[in-house]
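As a starting point, one isolated chain is supplied in C-alpha cells, in the form predicted alone.
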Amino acid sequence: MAITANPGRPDRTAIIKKGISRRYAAERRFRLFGIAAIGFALAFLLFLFGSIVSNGYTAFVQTSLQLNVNLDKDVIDPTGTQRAQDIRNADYTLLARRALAAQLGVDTSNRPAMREIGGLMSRDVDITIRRLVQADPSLIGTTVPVWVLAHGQVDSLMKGQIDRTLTASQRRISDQQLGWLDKAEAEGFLSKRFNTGLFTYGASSSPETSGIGVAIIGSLFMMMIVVTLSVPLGVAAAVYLEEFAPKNLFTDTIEVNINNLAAVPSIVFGLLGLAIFINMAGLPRSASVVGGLVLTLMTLPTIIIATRAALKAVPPSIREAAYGVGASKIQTITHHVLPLAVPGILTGTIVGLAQALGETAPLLMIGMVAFVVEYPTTPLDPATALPVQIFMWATSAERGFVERTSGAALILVFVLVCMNLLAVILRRRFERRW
C-alpha cells in the first residue's frame, strides 16, 4: 500500500528516502575511506621500494681496472726458490701501480704521480694478485691481465654519485686522477662489471671490498638451527595441546602464554637469549648457534598457533570415521588428521621462518654485530646475519655503503618475497576444501 502524504504531518516517504540516501552516502564514504587507505599504503610501499631500488641497483655493478701486471721475479721471488713465504710477502701493490702507470703513460720514477695512481685502486689489489700467483707460481716472470677493483671514490664517481664539476677538494679525486680515469675509460681498461664480491666478500672498512658472504653463511646456520628445533617442537606441542591435553586451568594458562609470546617484541627474546645462552650457558657471543636458539624461541609460538589452527580446521568427521573403523587416537592423528593439516602447518612454518630471517633486534642483543671477515665454518664461529649486516652498513659514514645498504636490503626483500610466495603456492597446491 502506498504511503500518502498527510497535510499537517511530516512526509514519511520523504523521511524514509532521506534515511536511505544517508545510508547509501555513508556506505560510499566507507568504501572511499577504504580505497584511500589502500591507496595510501600502496603509495608508501611504492615509495619504499622505489627508494631502495633507486639507491641499491648500482650495488650490483662495480668499477674495475684491467691491468697487464708484470709479475716481476725480482719482486715476488728474489731467491728463485718459489718459497711460500716469499710469494706471500711480496709487494703486489707495487706491481699493480707499475702496471697502471705503464698503461696511463706515467713515469714510474715520479713518486707523487705514483701515489695518486695508487689512490685509484682498491686496497685489496695486492690480495687479488697474490691469490693469482699462489694458485699458479709458474706465472712468475710473465705478464698477465688481471681485473682489480677500483677505489671506492672512483666507483662512486663512475656511477655519478660524485659530481665531476665540484672542486678537487670536495670530490676527493684530483683533476689529474680525473684525467687518468677518462683516459682509462676511453681506452677500455676501466669499466663497470657485475659485482660478484657483493655476494662473496665479508666485512670490510672499504665499501668496494664489503659483501654479504659471511652474513649469508651466518643466516643459513641460524635458519638450519631454527628449522631443526622449532618445527618438531612446535608441531609436537600443538598436537598435544589440541588433541591430548585436558581442558583445565593449567593448559589454559599455557595457551594464554603462547598467544602472548607471539606478540612479545622481538628484542625481549634477545634479552632472554643474552641472559640464558650467553651469561648462564656460556655459549660464545656473535655465534650463529646463539642466534638460532634465540630465533627458535621467537618462532615457536607462531608455529604452535598455526599448527593448532590447521588441526582445528580438519573436520570432526575425519576423526569420527577413523574411530569408526577401529583406529586408535594416535593412529587417527598420525594417519589422518596430521597429514590433512600439513598445508596449514607448512604455511605457518614458512611465514614464521621468514619473520625470523628478517629479525634484527634480538641479534643485536647477542652481539652479532661483530666485524667478521672470514667465513664461519661451524655454528660456533663468529658470524653475522643479513639484516644485521644491513644495519651495520646503514650506520657507516662512507658514501659507498649507502648503495650497499640498499642493495643488501633488495636481496633480503627478494628472499622474503620468495619464501612467502612458496607459502602461498604450497597452500594452494595442497589445500583441501571440505
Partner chain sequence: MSTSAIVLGLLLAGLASYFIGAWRARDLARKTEEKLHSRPGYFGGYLAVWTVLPALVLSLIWGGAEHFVVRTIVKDNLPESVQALSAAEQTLVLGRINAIARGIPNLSDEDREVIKKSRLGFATADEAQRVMQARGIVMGSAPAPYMISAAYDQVSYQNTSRWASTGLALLLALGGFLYAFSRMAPKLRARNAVESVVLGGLVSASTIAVLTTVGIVFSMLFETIHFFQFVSPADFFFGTVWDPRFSAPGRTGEGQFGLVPLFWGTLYISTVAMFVAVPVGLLAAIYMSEYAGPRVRTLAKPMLEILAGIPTIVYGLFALITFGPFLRDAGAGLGLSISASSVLTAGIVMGVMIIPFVSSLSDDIINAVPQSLRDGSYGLGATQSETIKRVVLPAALPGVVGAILLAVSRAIGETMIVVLAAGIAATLTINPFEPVTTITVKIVSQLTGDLEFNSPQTLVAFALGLTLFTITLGLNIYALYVVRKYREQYE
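This is a predicted model, so every value here is computed, not measured. Numbering follows the first chain given and starts at 1.
We do not show the form predicted together with the partner chain, though everything after this point is about it.
Scanning Y375, Y57, F371, F30 against the partner chain in the predicted complex with a 4.5 Å heavy atom cut-off leaves one residue, F30. Shown without its partner, this chain lists V264, A313, A321, M224 as candidates; in the predicted complex, only V264 has a non-hydrogen atom within 4.5 angstroms of the partner chain. You can rule out all but one of 248-256, 174-182, 86-94, 104-112: in the predicted complex, only 248-256 has residues with a heavy atom within 4.5 Å of the partner chain.
For the chain shown alone, Q66 is not a contact residue for the partner chain in the predicted complex, no non-hydrogen atom being within 4.5 angstroms. Proximity of K17 to the partner chain in the predicted complex falls outside the 4.5 Å heavy atom cutoff. With a 4.5 Å cutoff on heavy atoms, A203 does not count as touching the partner chain in the predicted complex; it lies far away.
Using a 4.5 angstroms limit between non-hydrogen atoms, P387 touches the partner chain in the predicted complex. Applying a 4.5 Å heavy atom cutoff to the partner chain in the predicted complex picks out V264, P265, I267, V268, F269, L271, L272, L274, A275, I276, N279, M280, A281, G282, R285 from 264-292, in order along the sequence.
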